[in-house]
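We begin with a single chain expressed as structure tokens, specifically the form predicted alone.
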């Protein structure tokens, strides 16, 4: 296929780049991640005003109604700057409500997500760290017109800043008898706690549900039938993370190339040496490879193509394998200073460590590729 961005999408890219250069340089990002929330609420509100938060949300609920390919443009640039925000988390939760919620649920929750007044996340993983339906153990019990939730979710992105949480819960003994429930963060019995993380620009947390009572009307779709929906959300999350990775990887490569041109050793820039040039060339080839894969995957998602899941797994597997390695190489090519806090390259290494397991690591997606291919 011939793929290219439209003039409007390229203009959007330029505007996002300008906005981030002016408001969220790496120096500013270092300050933001040390704040209590881990992101800048003022910048988040400005992004919402510009329509970027609600880019893919329905127009009737305050969004722009555009496709995921347009969102990809934004994610590449936020990844390039390691910009800390709950954008990916909010988009996943909004898609869950849009695709699997009824009209009343959409009208209740989507406008607040589109205008940035609400932040949302998707809570899936538990103690087993298993992306299969069997890994969902948090129980939901019907109690009159309510549902009681008991259990714990781990590694939840933006757990402590989310106002809405789309939670995967167990509804029956059958392995795929699972549901999606929207829970508001101020519900009695709910407690969110930040977990230590290597990448400070990506907050992860745990959420404890101690007999959390929510209305049965908060269940998205029919109870016990949500596994296909959850599978879609995992795919969507993997795609969004990989899109951000493209921008981050390109910037990590550029930082290292610039350093190799300036660092003098033995009377010559180190970029002249094969031991430096070859790893940088390999990094570039890897980036271009999974960039083309994720571009196709986003198009396939927008078009509802049958091969979308396979395309996503190909892109995420490749990126999860090569971007962390590129971060390691970038630090090593900087020499001893690459490990220091003052140099930016170590921040991209940490981003690689974060993205590798998110929504499935390389091994998970290679296995899935084999499975989808009939092996």
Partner chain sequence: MDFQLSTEEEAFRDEVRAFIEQNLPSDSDRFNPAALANWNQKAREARYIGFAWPKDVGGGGGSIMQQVILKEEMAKVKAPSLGTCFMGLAWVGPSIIQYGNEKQKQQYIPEILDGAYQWCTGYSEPDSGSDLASLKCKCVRDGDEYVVNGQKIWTSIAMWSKMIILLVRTETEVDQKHDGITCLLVPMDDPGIEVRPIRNMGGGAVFAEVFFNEVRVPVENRLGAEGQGWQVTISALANERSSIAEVYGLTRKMEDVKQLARETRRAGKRAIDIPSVRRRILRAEMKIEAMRLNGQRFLTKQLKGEPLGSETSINKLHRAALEVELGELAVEINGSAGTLTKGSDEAPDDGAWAQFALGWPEVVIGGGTPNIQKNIIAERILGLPKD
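Residue numbers count along the first chain shown, from 1. None of these values were measured; they are calculated from a predicted model.
Another form, the form predicted together with its partner chain, is not on view; read the next lines as being about it.
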item	value
Interface stretch in the predicted bound form with its partner chain - options 261 to 269, 230 to 238, 209 to 217, 140 to 148, non-hydrogen atom within 4.5 Å	261 to 269
In the predicted bound form, residue 292 touching its partner chain (heavy atom, 4.5 Å)	yes
Non-hydrogen atom contact residue 99 with its partner chain in the predicted bound form at 4.5 angstroms	no
4.5 angstroms heavy atom contact with its partner chain in the predicted bound form for residue 288	yes
Residue contact check: residue 280 to its partner chain in the predicted bound form, 4.5 Å heavy atom	yes
Its partner chain in the predicted bound form: contacted by all of 69, 257 and 363, heavy atom 4.5 Å	yes
Residues of 354 to 375 having any heavy atom within 4.5 Å of its partner chain in the predicted bound form, listed in sequence order	362, 363, 366, 369, 370, 374, 375
